[in-house]
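Provided below as structure tokens are two forms of one protein chain, presented individually as structure 1 and structure 2.
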Structure 1
Amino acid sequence: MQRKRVSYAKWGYIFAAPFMIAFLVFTLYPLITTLIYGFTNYKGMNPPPLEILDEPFKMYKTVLTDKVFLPALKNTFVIWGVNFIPQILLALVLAVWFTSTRRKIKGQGFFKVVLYMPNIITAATIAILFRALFQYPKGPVNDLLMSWGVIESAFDFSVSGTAARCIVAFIQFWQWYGYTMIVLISGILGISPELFEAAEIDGATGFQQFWYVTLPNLKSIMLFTLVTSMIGGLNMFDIPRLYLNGGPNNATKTAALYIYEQAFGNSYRYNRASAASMIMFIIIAILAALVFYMLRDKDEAKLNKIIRQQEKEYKRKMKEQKLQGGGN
């Protein structure tokens, strides 16, 4: 005798509905309209009725050939790279030091709290703070460098494109290496201690342990850090905007800043900004997919496949049993 069971499936739909509705309305719909606007005549303070342009890809062509977008894209990558490479290296070194069982570094709690601190402070504030610190001719950094004898007379950091780019990259680095360090520490602590013990027994040096045990086991976490940092970096806006507003001479103009200026900086070129947004979207999607593909664990992928097959098999068997049970 089988009692009729209540199905709770509908509650799954009910509970997931607010998320789904909010996502469709506030993310998916704007994404689709942004895509469409890139092909239209949508611009000006009082935009004309929407029409697809005779030459639909005109805005894309304009964006890709204008004098600002591609250099801005290049700046974005350069600034991100100059910040990310030292960031991940320093974070890795610190993470290895802090987790070393031989050295037992004291005061880790304090160091973690202090090194992570810049990360939670408003980027907008930090940008303007650094602007004040690098003030010319009298500013804290200039004073410091002069009193140490590094430079003879005050240096105007705001007119040199290279200096401006380096400072923006430095701020990014300074805000994020603490975060990356904590992420990597938790990654290292997640590696089975037996692996390290075995390496020790085999007489591996500290560096060999790092190279053959720590690093390979951190792969997926480093990948996660890389992808999230890259996506964040490609959307970099607050710091370049408030540090020198993209200057000098567009040296710190990023793609996000370009999009903002096209649409909201009194030029009302919504169609052009939409096209640029979509170009960024494509770049981010490709890079994310590529990095995931390159660094995905092949064994893991195989294992997942086997598990999925087994699950299917199991479900099929259950179904058969149920059918047989129903027959009795």
Structure 2
Amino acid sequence: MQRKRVSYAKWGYIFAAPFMIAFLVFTLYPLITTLIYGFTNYKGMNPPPLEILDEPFKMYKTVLTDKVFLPALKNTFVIWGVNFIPQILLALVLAVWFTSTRRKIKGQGFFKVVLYMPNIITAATIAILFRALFQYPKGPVNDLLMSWGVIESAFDFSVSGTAARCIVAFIQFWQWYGYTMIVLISGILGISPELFEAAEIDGATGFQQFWYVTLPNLKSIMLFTLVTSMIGGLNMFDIPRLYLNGGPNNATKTAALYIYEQAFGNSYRYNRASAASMIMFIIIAILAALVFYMLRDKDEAKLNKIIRQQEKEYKRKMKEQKLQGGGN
């Protein structure tokens, strides 16, 4: 009897279909329309018939010369940089601490849950919490600072641009360091225990194991963390929007908040918002490419270069032999 062959390919397509449909509808289509709208006259509550502008890059020039966009872009980088550096350092320390074989930390699961918990709290809840903490003139932070003698009278954090940026950066740090810690822990657990055992047998200290074993083998995870944090940081929107709505004096206005205000504010400049979105897309793509290039495995890159050169040399010799054989 001839057995009936079972084709599993169709089931693969069926299981992949929901993701593909969601990707096409909610990612690819908006991306294409955003790209197109940046070159058109698409704006207003009742947009006119869609037409390409006489000067297609007019909206891009307008955004790049806008006195609000460039400071918003600067704010985005400053807030992301101020929160990411301590975030990655603390997350790395905690990840090494929890995965240390010398220090068997009791209740690791509990501590991991507590440290990760800020990441699952909604942005609206966090914004309300910190507005209450830094309330003026009576608030927990002001009361503590006055009781410790740091300040003589209550300080209004909502009118200081520097203070507002620091608070937003701290919120981003507090919200995401637990997630970064979990990612780094998974990366450390993926390193072969034999490497640590060999280093310990050779008499390496804890810091030497971290520097010569842990960090080099975490390069790919660090690359993932840096790129994803950069993408998320440069698209920062919810906390600056909900905490002080970009204030005071646009001190916490980010590029994403600028795009939102252009598209859904009183002006409804969808074309300008689309142009700003594509500018941010290009900036993020360039920075991600630079990060990938700087953190690439140089030894592997050199080896691949040598292999490519050998393949070219081999093909050249084979071509010469073929020509010589044809001539004979």
Partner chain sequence: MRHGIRAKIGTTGIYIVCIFLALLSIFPFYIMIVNATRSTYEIQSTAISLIPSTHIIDNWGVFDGKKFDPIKGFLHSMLVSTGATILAVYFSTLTAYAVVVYDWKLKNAFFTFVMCVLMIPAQLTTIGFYKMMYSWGWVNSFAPLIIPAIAAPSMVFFMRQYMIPALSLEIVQSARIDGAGEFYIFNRIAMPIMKPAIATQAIFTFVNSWNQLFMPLILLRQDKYTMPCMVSLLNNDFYKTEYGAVYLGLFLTVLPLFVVYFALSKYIIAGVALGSVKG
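Here the rigid core means the biggest group of C-alpha atoms that line up within 1.5 Å when the two forms are laid on top of each other. Along the sequence of structure 1, residues get numbers from 1 upward. Being a predicted model, the structure only gives us computed values, none of them experimental.
Peer 1: The form predicted alone: is that structure 1, or is it structure 2?
Peer 2: Note: form predicted alone is structure 2; the other is not.
Peer 1: Can we say the CA of residue 148 moves by at least 2 Å between the two structures when the core is superposed?
Peer 2: Residue 148 C-alpha, core-superposed: shift of 2 Å or more.
Peer 1: What is the C-alpha shift for residue 14 between the two structures, rigid core superposed, to one decimal in Å?
Peer 2: The alpha-carbon displacement, core-superposed, is 5.7 Å.
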